[in-house]
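Encoded as structure tokens, the following chain is the form predicted alone, with no partner shown.
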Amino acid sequence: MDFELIGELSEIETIAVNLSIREKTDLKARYGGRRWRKLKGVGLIRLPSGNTRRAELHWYEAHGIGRRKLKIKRFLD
């Protein structure tokens, strides 16, 4: 992760659940967990350059595992 999440995520939506996630096998092998979900949301991030921007973020999440593979999808400002 080459950015820092500042504050809370908002506008969180589920994009895909369990069988419809292409990386499901890799996620289970690497982190464990059973029911993975792919989610998206909007958050304020700090880039390595020090700039602060609002961005749409995507990540995977499973019960008891937490957020994994958080990535920037696009900047909103």
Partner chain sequence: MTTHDSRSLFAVCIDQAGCDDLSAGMLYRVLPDEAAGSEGFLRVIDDSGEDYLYPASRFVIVQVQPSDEPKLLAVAPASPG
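Remember, predicted model here, so these are calculated numbers, not experimental data. Numbering follows the first chain given and starts at 1.
The same protein also has a form predicted together with its partner chain, omitted here; what follows describes it.
With the partner left out here, check for me: in the predicted complex, does some heavy atom of residue 53 sit within 4.5 Å of its partner chain?
Within the cut-off, so yes.
Using 4.5 Å between non-hydrogen atoms, is residue 72 touching its partner chain in the predicted complex?
Residue 72: contacts its partner chain in the predicted complex.
Please determine whether residue 28 contacts its partner chain in the predicted complex, using a 4.5 Å cut-off between heavy atoms.
Residue 28 lies outside the contact set for its partner chain.
Taking its partner chain as it sits in the predicted complex, is residue 22 in contact with it (heavy atom to heavy atom, 4.5 Å or less)?
Answer yes; at least one heavy atom of residue 22 falls within 4.5 Å of its partner chain in the predicted complex.
Which of the residues spanning 37-57 lie within 4.5 Å of its partner chain in the predicted complex, based on heavy atoms?
Heavy-atom contacts within 4.5 Å come from 38, 47, 48, 49, 51, 53.
Quick one: with a 3 Å or larger change, is the residue 19 to residue 71 CA distance smaller or larger in the predicted complex? Answer closer or farther.
Those two alpha carbons end up closer in the predicted complex.
Sense of CA distance change between residue 19 and residue 70 in the predicted complex, threshold 3 Å
Nearer in the predicted complex, by 3 Å or more.
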